[in-house]
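Listed next as structure tokens is one chain, alone, in the form predicted alone.
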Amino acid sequence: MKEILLLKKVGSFAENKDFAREIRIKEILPALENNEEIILDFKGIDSATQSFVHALISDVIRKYGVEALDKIYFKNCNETIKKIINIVSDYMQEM
């Protein structure tokens, strides 16, 4: 299982889509290609933008289908971040 500590990469306010894209390309997609489960740890992150979360997981869902979310665990998310993750994942499932 691969654990990705987001705070060190994005700071307490996860807003930079370029950082999300880099995490997706360099860490999430290779782990999924190796059939690994992934923990995205939001510990210490106060908030995130919808565009950050979209850049983090939308292409993963496009490439692997909604089943990819069965291998991705979202850890230490506050209520705001949980809502944003749900909005993005629901949107991607409707497509």
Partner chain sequence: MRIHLPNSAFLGNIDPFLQSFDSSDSSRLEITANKKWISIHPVVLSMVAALGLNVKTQNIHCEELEATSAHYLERMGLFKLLQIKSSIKIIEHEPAGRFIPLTIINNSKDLTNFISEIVPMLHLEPKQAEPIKYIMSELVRNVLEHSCSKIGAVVSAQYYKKSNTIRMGVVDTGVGIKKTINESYIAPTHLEALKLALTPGITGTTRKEGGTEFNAGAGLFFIKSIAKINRDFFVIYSGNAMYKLLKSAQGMEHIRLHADPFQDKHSKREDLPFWEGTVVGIDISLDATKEFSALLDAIRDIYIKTIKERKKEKYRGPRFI
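Because the structure is predicted, anything quoted here is derived from the model rather than measured. Numbering follows the first chain given and starts at 1.
Beyond the structure shown, there is the form predicted together with its partner chain, which is absent from this document and is the topic of what follows.
At a distance of at most 4.5 angstroms from its partner chain in the predicted bound form, none of the three residues I39, E67 and N76 contributes a non-hydrogen atom. Using a 4.5 angstroms limit between non-hydrogen atoms, M1 is distant from its partner chain in the predicted bound form.
In the predicted bound form, its partner chain sits beyond 4.5 Å of every heavy atom of E27.
None of the heavy atoms of I72 is located within 4.5 Å of its partner chain in the predicted bound form. Among heavy atoms of M92, some come within 4.5 Å of its partner chain in the predicted bound form. Contact annotation for 50-65: residues with any non-hydrogen atom within 4.5 angstroms of its partner chain in the predicted bound form are Q50, S51, H54, A55, S58, D59, R62, listed in sequence order.
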